[in-house]
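Below you will find one chain, with nothing else, as structure tokens; this is the form predicted on its own, and questions on how it binds or moves follow later.
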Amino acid sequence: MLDDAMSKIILTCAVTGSIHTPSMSPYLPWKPADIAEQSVEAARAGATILHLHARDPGNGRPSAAPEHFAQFLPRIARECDAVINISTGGSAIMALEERLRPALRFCPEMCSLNMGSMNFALYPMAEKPRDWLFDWEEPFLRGTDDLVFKNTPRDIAGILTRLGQERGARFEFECYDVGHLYMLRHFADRGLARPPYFIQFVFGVLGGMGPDPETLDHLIMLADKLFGADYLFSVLAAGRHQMPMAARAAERGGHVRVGLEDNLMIARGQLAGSNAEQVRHIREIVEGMGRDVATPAEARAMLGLKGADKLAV
């Protein structure tokens, strides 16, 4: 793990994602103006990196259409200095080329990259009684009992080449299971991934790793073995495990990710009113440990990013 990990902590905010649906919270941003506003507010609250997805502005359905990203990216870039990270995951039901369209169009400093194919099961979320706002929501969730999120070695190599080597993006390497770390090592050995590696351990998605602190400890041990001093790690955990696992990551010298993409709550039984509310909460926790939140400029230096001026908006 990089030596400077214990001093500055990178705080990522995942603003909307493609998992939660509009009926689940009135505070989930899905209209472009709301995504922009909540992103800027999260940055002002201390978010170093903004992990961004788009939604169809008519019905809140996950979208990878560049024209939907174009409705909020310019304002975010204009009104804050946070690192913009565009998802290449899009939604697990999207084909690869569809998922890549926004990152290929806007050439961000960072992109997320899932390091393997997996079951991506959201169907238990459809069991809670609710009044659905849109007719796509319930079938979307229920259909994930037969969903494989495809990220083959060929897919990963193509993303690393087209976005990394050709467009200069760095990656948030999303590892949902132990084998994903070995896949990253494979691409490092092939010369397609280069240090410093920013590894995002993902816990709590049904089909991936459960949110167990012991699993995090094991992953850190493996990452030390596989990458030595050439990596930084961050942690996101879905639902109620978000804050405890983030705190555990901070204690272990890692970095943290929060946001309404991963968890709609701020406390048991209480919806978070905004992404910024979660950012402020985790910032209070990590600063109480003596960790200082990295500025976007510090994160750019730590991760070797190409600079905000390279964003094509």
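Quick caveat: nothing in here was measured; it's all calculated off a predicted structure. When you see a residue number, it is the position in the sequence shown, counting from 1.
Just so you know, the form predicted together with a small molecule exists too; it's not on screen, but the next bit is about it.
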property: Site test, H53, G89 and L236 vs the small molecule in the predicted complex, non-hydrogen atom cutoff 4.5 Å; result: yes
property: Contact label in the predicted complex: E137 to the small molecule, heavy atom within 4.5 Å; result: no
property: Residue contact check: I19 to the small molecule in the predicted complex, 4.5 Å heavy atom; result: yes
property: Touches the small molecule in the predicted complex: R257 (any heavy atom, 4.5 Å); result: yes
property: Partner proximity in the predicted complex: D177 to the small molecule, non-hydrogen atom cutoff 4.5 Å; result: no
property: Candidate stretches 81 to 89, 140 to 148, 154 to 162, 100 to 108, one within 4.5 Å of the small molecule in the predicted complex by heavy atom; result: 81 to 89
property: Selected contact from V205, M243, L216, L181, since only one has a non-hydrogen atom within 4.5 angstroms of the small molecule in the predicted complex; result: V205
